[in-house]
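Shown below, as structure tokens, is a lone chain in the form predicted alone; questions about how it binds or moves come after it.
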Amino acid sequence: MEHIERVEEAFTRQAETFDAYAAKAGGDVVAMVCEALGAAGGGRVLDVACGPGAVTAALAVRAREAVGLDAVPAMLEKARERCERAGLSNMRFEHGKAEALPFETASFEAVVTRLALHHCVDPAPVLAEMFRVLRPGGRAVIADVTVSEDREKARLQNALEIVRDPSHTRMLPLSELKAAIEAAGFEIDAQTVWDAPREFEQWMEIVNDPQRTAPLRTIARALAEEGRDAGMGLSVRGGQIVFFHRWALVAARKP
């Protein structure tokens, strides 16, 4: 199976559950993305791998036009529904791949992506495409979950994430994420890092694949009881498996 097929299969299955979670993923990250864009958020804005459109809809409140792109038709349908419910008319959605954006060079004042890079086989072409479609002086915001700088802990967390959802490829440590953004040509202006608490059962509900829950629960509990936190604070409290996702939001500009 090609990786893009894994992504489509996973997020078609998750269409309802991820849609319900999308607006609150990572806490106030939707508002943080909008704020980090500054004045550029009032122009034409692209949301790469927009999913069910939670970020796109928030961007549209201020943008001249907000465009959402995603490779999964079921996600785009949820995004359109969100747009209709909100009564927004300055939004449009496109089906396409983040690695080959179907837009002209330098056609957006701002480009954002949230919770997408860890589903990409290689983030470099995605970031390169974001750089290409952004106008000189434009603003980019990249928000994603990250892993520990400790390689062993990072490998363990990524393994757990892949068992839960095979469309997951690899979460990056912050240092590597920033290096990839700069390698694409961006100049980083600011970064924010925070931990969002998670609860195992709710985390598994989102992926909407009950067959994976019991074995992964067994693995996660055994690791926690052995004191192996996978760089994500994995532990058992009050009988429940808990952990955190470490988020990073990086704001950058195109020179």
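This is a predicted model, so every value here is computed, not measured. Start at 1 and count along the sequence shown; that's the residue number.
The following text describes the form predicted together with a small molecule, which does not appear among the structures shown.
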| message | Ala71 versus the small molecule, in the predicted complex: is there a non-hydrogen atom within 4.5 Å? | response | yes
| query | Is the gap between Phe243 and the small molecule in the predicted complex 4.5 Å or less for some heavy atom pair? | reply | no
| said: My question is simply whether Ala251 lines the interface with the small molecule in the predicted complex - judged by any non-hydrogen atom within 4.5 Å. | reply: no
| 4.5 angstroms heavy atom contact with the small molecule in the predicted complex for Lys97 | yes
| message | Only one of Ala220, Ala57, Ala230, Ala49 gets a heavy atom within 4.5 Å of the small molecule in the predicted complex. Which one? | response | Ala49
| query | Of these, Met171, Leu156, Ala184, Leu115, which has a heavy atom no more than 4.5 Å from the small molecule in the predicted complex? | reply | Leu115
| task | Have a look at 146-154, 173-181, 71-79, 132-140 and name the one stretch with heavy atoms inside 4.5 Å of the small molecule in the predicted complex. | result | 71-79
